[in-house]
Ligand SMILES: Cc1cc2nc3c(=O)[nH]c(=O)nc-3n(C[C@H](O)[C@H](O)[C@H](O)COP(=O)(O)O)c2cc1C
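Quick setup: one chain, the form predicted alone, written in structure tokens, and binding and motion questions come after.
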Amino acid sequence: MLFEELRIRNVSIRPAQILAPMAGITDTVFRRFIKRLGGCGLIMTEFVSSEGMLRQNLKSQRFLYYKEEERPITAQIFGADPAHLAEAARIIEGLGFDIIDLNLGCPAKKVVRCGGSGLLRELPLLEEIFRKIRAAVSIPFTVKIRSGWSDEEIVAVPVARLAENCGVEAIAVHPRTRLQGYSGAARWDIIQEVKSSVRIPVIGNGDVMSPEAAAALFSRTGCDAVMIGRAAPTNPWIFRQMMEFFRSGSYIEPAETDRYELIHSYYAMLVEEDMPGAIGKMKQFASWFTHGVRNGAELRRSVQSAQTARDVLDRVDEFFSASLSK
């Protein structure tokens, strides 16, 4: 089976299908929600600022909260100060995470000013960061990169080689540049070039919106694992569908009852755990989860006008009670 297992030293990732870290999305509830649907072998936190961690920022502490059912789990950090990143890495190891990952891919301006994809233009500093983090922790250390800053500055291969030489144990490649953001097509040929250039595992990411695309990614690149980002909120079943497709050549599309169970279970988790900003999360996810639902625009309008998280959940139940009885 494609992407059956990836081992990063002592951490077994089965299947080798990974939920990408996404700001504002991959909190503990969403991560557990994805895990319970099946097919996701590794989950990652939202990226956390090393500076915020050292200041004991409440947001950073919230980002690093997890439960045992989420294992194996990676904490992803960003920053630009080697000593501070190393200290943050030690804290993460002390919290019991299985893997630590360094974000070298975020294109957001506020992140680029203090790390993220901005570091792809500063390889000497990046080498110091790699070595400091590697020396600071004993758990596996991985990185996630973009292909470079711009089309004129494609550095994926030299960064991957540098990472390998500094003891980084796997690298995820999103083959768009920082200037591209999320526009244009992901250049899978860059993933293939990285795979041909290093011995450490290479994780492919970018434009994988279906099981067929995941198979095509492997065919084109030979990558060791697949990382799913934007497809996960719109189709949380994608990890399970990939497993089905790789085993049998087909997969099950969700029925209306599946969509109801999906929305109800996620919203119920938010209500039961009294998550900060739960109603905002519900409204945010309504735009994704309701695609494919009959009269989904009506449900979205109902959710958006709700005043409390409990009210949102009640409206979802009422909508589907009427819809499924027709």
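Residue numbers here begin at 1 and follow the sequence given. Predicted, not measured: the structure shown is a model, and the values here were computed from it.
Keep in mind that the form predicted in complex with this ligand is not shown, yet the notes after this line are about it.
Although the partner is absent from the chain shown here, Ala20, Ile25 and Glu46 each have a heavy atom within 4.5 Å of this ligand in the predicted complex. The contact residue chosen from Gly148, Gly229, Pro140, Pro211 relative to this ligand in the predicted complex is Gly229, the criterion being a non-hydrogen atom within 4.5 angstroms.
When contacts are judged by a 4.5 Å heavy atom cut-off, Asn103 counts as touching this ligand in the predicted complex.
Gln76 belongs to the set of residues with a heavy atom inside 4.5 Å of this ligand in the predicted complex. Contact annotation for Asp207: at least one heavy atom lies within 4.5 Å of this ligand in the predicted complex. Screening 130-138, 229-237, 212-220, 84-92 for residues having heavy atoms within 4.5 Å of this ligand in the predicted complex returns a single hit, 229-237. Of the residues in 135-152, only Lys144 comes within 4.5 Å of this ligand in the predicted complex through at least one heavy atom.
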